[in-house]
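One protein chain, two forms: both are listed below as structure tokens, the first as structure 1 and the second as structure 2.
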Structure 1
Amino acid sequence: MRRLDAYRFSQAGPLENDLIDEFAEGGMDRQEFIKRATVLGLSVGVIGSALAALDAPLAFAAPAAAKAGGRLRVGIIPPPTKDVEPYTLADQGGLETAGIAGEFLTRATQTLTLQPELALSWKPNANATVWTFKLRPNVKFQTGEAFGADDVVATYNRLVGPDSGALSAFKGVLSTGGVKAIDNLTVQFTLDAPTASFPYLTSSTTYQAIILPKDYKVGSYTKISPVTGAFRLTSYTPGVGAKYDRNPGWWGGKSPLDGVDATYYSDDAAVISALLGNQIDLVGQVQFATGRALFNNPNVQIFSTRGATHRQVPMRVNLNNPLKDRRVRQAIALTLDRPGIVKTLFNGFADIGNDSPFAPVYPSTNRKVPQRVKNLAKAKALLAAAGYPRGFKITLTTEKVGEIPQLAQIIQRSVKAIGIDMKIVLLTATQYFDGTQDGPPTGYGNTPWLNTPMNITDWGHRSVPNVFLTAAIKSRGVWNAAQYKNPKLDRVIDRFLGAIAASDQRKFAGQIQDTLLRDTPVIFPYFYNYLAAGSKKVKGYKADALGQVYLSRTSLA
């Protein structure tokens, strides 16, 4: 208690004190307190003191002693679709390849807490517009240079520049010139708007944010391994694989593995047979729909983590068709048997969605908002009230990715029950995302995924729902495929993004959830778990909700 008091008097700001007060008053549970405390940059010691004083002792399990040696053979599916250049990364294979060697300021854990990585601590000002990060000392890049604040500044200036692939995370949050070095081991971010969850944007969930040296030459990532991580990228062959050796100078000590051999796969059957045939030890990503053989095999372990990866089913609200009426959109959403969908498509490895981006895994999600359940009678009544008692014809456009075609068929069958005759147009991902994304006729160009009356799009995990809200829901959101506009909701979203106290976040989240349930511009049927699979000899591996393959503490039995 004394240590906690000392911290509160001498170091803690208003945000940290509010958090501790809220926890003491029972405003959040132990797990959520830890999550939020890590975001605000409270040290492990302070968190432990608070838990000991106000709740129960925090047990920091010592990592099990790992057997050293051996090279782990990992299958990455699909291969990087383009050159592996961190700040422009946009694909799964690329982020996994880059992420095995690269490091971030912070790392998001399986339970959505943040761990220090190249930053040791971080602290906001009173309204979360200025964040100060203390950097880890005595870190060296694998190319020999010492790591410091200038490297962080250069990396983040690239990340907020026009060619960055991370603009979905930083647009409206951080602009050029917003980051500066205070001293060699202190960096200050001045944000465009209050963002209580900013540390998440510096974490491994912003997979482009690998810290690179200040004099990094674009295009050299796979040639010189200019990173600080536990592994050094020693060879890379596009479409074939990559090899990594242990970095003997890693700040985290000696990683158990001697190295990692990554092989790229483009076919689910091939990667599954490779694991079953003992050609690889670990698969970075598996799908239940295509990898059923793995799920009941006694020689295979499944690594599962809950996340916010999901599919959105936007319905255009501004076209001259029945979807313009929110009662019709509600009716369609009410035809879905969500528990059944989750069971069929994921065998339960998913959370049920409630037609807002607030995944059950988020602490900010307001759990008092009622879950939408299948109700055909109500759906028929809504449709009749909207003037379509006999249904209508509509086209659902989507892409051949993962389980999406099956989901499209389920939706087609579901809406048939209320008389809607749905035609499915299935495109390749290339066709689906083809075309322009801004400009005429409605400001979203002509790409199918932002312009078709109704579609299904795949969205990746984020540790906080900010991007889903700003890009897909807000009136001028760049990926607002429903083309939904609600200025009042925009203001609530802004309040949510700037809210620091958990209770405030939940309050605004509840308002957003209620509004989205009422207007239903987008159906969020589920949020599915990220699944990886490995042989039984893989130890200490944890799946990452975004798909990062973090192997620094992994070993082979």
Structure 2
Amino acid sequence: MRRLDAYRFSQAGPLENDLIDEFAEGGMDRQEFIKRATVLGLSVGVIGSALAALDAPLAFAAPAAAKAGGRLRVGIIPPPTKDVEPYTLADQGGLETAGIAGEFLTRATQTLTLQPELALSWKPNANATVWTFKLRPNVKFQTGEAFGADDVVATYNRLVGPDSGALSAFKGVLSTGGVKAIDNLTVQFTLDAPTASFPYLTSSTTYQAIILPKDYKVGSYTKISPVTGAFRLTSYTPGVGAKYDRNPGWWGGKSPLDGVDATYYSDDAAVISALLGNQIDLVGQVQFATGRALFNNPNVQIFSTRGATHRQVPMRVNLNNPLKDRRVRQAIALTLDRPGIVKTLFNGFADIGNDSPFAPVYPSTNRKVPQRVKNLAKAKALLAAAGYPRGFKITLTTEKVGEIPQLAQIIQRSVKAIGIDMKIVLLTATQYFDGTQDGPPTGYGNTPWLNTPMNITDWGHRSVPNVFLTAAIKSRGVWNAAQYKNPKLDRVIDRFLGAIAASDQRKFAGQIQDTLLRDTPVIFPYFYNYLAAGSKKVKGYKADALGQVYLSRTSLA
């Protein structure tokens, strides 16, 4: 207790002391305390002291020794849809390809905690508008330059620029000029508004935020491997694959694997056959609906982690069609048998969604908000009240990725019960994300995934719901495919993002959840466990809820 008292008296700020007080008063459980403590940058020693004084001490297990040597063969599905350029990444294949070699300030874990990576510690000011990060010393880029604060400043200035994919995380949070070097190993972020979960935005869940040298030339990522990670990208062939060799100068020591050979696949059956045929050792992501042959196979191990990975079904609210009426959108959502969908598509490896980004895995989710359930009578009544008692015709556009085509068929069958004649248009992932994402006619360019009347889009996990709220829900969010605007809700979202206490977060979350159930611009049918599959000789691999393929500590038996 004396060590904890000394920390609170001499080092902790108001946010850290409020967190400890809330834990002591029973405002959160042990697991939630650890998650929030890592976000605020409390050290393992301080967290352990708090648990020892107020709950139960942490227990540590010694890591098992890894066998060195060998090259791991990984299947990536789908391939990158565009150039592998970190700050513009927007697809699964791209983030997996870039992430094998790249590193971030912090890394998110399976338990929603944060681990230091290129930052060793971080600390907020009293209202979470200024965050100061201490960087790891003695790190070198694979191109030979020493890593320091100027590299972080240059990287983040690029990330908040006008054509950055990371605006999904940073728009309204961090602007140009908001990051500066205090000294060579200290960086300070001054935010646009209070953001209690800001360190999560610097983690591997913002997959564009790979730290690059200050003199990095855009377009050279796959040519010179200008990163700090355990592996060096030595070759890259679009649509075919990539090769990585061990980085002998990695700050983390010697990685067990000699290298990694990645092969791209566009078809679930092909990548599953490759694993079962011993042509590859690991698949970055698999789906239960399309990979049933892998489950219960004695030669295959499934890597699973619960998270917030999901599919969004946005419905354009600003077109001259029936979806403009929220009663119609509610009616469509009420046709879905969500427990049945989860059983059919995931065999239980998923949580039921409630038409907001607040996944059950989040501590901030307000569990008092009623769950939406299938109700055809109410759906028909809503449709009739909106002036469509006999239904209407609509087109659903989506991509051939994972279980999404099956979900589209389920929605098609579901809405038929209330008279809606739904046509499905299936595109490849490349076609679906093709085109521009900003500009005329409505500010979202011409890409299908942000402009079709109704679609289904894959969204990766985030450790907190911030990106889902700011990018997909807030007015003018960069990935707001429903093109939904609600200034009153925007203000509540801002209060949620700045809330420090868990009780305040749940209060504002409840208001957001209620509003989205009423307006239903987007259907969130489920949040599923991220699943990967590998041969039994893969050791030390852990599935990442976002889909990062982190192999720095993985080995082969």
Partner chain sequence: MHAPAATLSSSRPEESDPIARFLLKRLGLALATLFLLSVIVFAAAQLLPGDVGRNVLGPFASQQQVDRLNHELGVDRPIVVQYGDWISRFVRGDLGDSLQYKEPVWGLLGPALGNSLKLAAVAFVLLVPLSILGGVVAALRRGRLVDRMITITGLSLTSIPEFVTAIVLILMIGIWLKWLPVTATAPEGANIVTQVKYLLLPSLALVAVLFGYVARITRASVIEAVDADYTRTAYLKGLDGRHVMTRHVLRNSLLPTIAVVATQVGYLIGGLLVIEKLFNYNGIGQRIYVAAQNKDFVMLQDGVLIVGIVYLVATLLADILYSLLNPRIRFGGVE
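Just so you know, these numbers come straight off a predicted model, no measurement behind them. Superpose the two forms; the largest set of C-alphas matching within 1.5 Å is the rigid core. For residue numbers, the reference is structure 1: its sequence is counted from 1.
Only structure 1 of the pair represents the form predicted together with the partner chain. Of the two rigid parts that account for the motion between the two structures, one contains Ala166 and the other Arg327.
A two-part rigid-body description fits the chain between the two structures; in it the smaller part is rotated by 15 degrees against the larger.
Taking the core as the reference frame, the CA atom of Asp490 shifts 3.3 angstrom between the two structures. Structural comparison between the two structures after rigid-core fitting shows the C-alpha of Gly439 displaced 8.0 Å.
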